[in-house]
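Let's start with one chain on its own, the form predicted on its own, as structure tokens.
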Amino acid sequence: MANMTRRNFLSICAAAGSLALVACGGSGTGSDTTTSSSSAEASAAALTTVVAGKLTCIANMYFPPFESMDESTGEPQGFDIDLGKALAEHLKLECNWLPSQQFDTLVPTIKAGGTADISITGMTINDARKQEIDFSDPYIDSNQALVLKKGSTETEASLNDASKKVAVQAGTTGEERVRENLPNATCVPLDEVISCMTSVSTGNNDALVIDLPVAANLISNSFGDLEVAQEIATGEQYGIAVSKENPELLAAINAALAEMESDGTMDELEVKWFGTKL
């Protein structure tokens, strides 16, 4: 995780024009505080949401430490889950998480509208997705990882062979990476990252390409027989997916993200879920 670069948020000043949408009470006189509070409530009411008063979120819940299901409570947990809750608080809305969806259905769901307001799910910002939906300012940076069974001598070069099978999570930038850079290998898309890791652990697949922080987390906690053999410097950034039909919500989210970066909320979430500030 220490190899990850610091996220590169856009200037807080650039978001200042939209910050009024989510401004919390100020520290001035009583009348100023009342005005600011009323303004925040009015802004929340003006935001277009699927369910009035709620920020409805979707994700693939099998992407730890960004999102996963707490086995003891049955509730979602993770960095993105806490981020969604914090965003909702800044927007004076209630956070509402829908049941897990397969990753490759999330962009079409947000594009179609009517089901969820946003998707926070470790989703890389890229041009293909930006044709379908809008993205918030980036909130974390990531690279890809080549995951192998410990003791394996495979490399990206040796895996580019018709006899090799490389697992990926369907619809991810890991899948794009394999199809573009290992065209001779058999790319094996699977629905969930746990299934991907298990397939390498059992020897059904020779390797896996997946987001570095997710690979590092799962290897540390559940898959000690695997290792990150190579960090692939793709320079990816995660963003929050929002419908192109909801620019007011997008502006409010960007303003809230800038405020959370400034007030230390993002640092707190990083330490909680990654053990360090990124």
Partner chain sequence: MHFAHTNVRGRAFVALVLSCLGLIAVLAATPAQALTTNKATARPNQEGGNGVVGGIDTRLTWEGTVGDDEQIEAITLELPQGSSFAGSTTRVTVLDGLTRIPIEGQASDTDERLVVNFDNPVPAGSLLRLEVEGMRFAEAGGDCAVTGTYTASGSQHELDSSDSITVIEGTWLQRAVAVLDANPAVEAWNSNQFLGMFFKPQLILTSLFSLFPGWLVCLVIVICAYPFAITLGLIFALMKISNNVVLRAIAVVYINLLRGTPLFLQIYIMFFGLPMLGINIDNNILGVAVMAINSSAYLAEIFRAGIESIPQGQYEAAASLGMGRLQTMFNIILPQTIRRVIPTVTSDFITSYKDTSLLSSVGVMELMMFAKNATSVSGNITPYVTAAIFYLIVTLPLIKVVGIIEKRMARSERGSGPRPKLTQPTVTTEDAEQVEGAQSVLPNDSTDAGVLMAQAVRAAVGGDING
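All figures in this text were calculated on a predicted structure; none of them were measured in a lab. Residue numbers count along the first chain shown, from 1.
Omitted from view is the form predicted in complex with the partner chain, to which the following refers.
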Every residue in K54, E67 and K92 with a non-hydrogen atom within 4.5 Å of the partner chain in the predicted bound form?
no
Heavy atom within 4.5 Å of the partner chain in the predicted bound form: which of L98, A86, L148, V107 fits that? Just give me the one.
V107
Does at least one non-hydrogen atom of D117 fall within 4.5 angstroms of the partner chain in the predicted bound form?
no
Under a 4.5 Å heavy atom criterion, is E75 part of the interface with the partner chain in the predicted bound form?
no
I'd like to know if E231 sits close to the partner chain in the predicted bound form, meaning any non-hydrogen atom pair within 4.5 angstroms.
yes
I'd like to know if E248 sits close to the partner chain in the predicted bound form, meaning any non-hydrogen atom pair within 4.5 angstroms.
no
Just one of 56-64, 249-257, 214-222, 232-240 has residues with a heavy atom within 4.5 Å of the partner chain in the predicted bound form, so point it out.
232-240
Within 4.5 Å of the partner chain in the predicted bound form, which residues of 152-181 have a heavy atom? Give them in sequence order, or say none.
A157, S158, D161, A170, G171, E175, E176, R177, R179, E180, N181
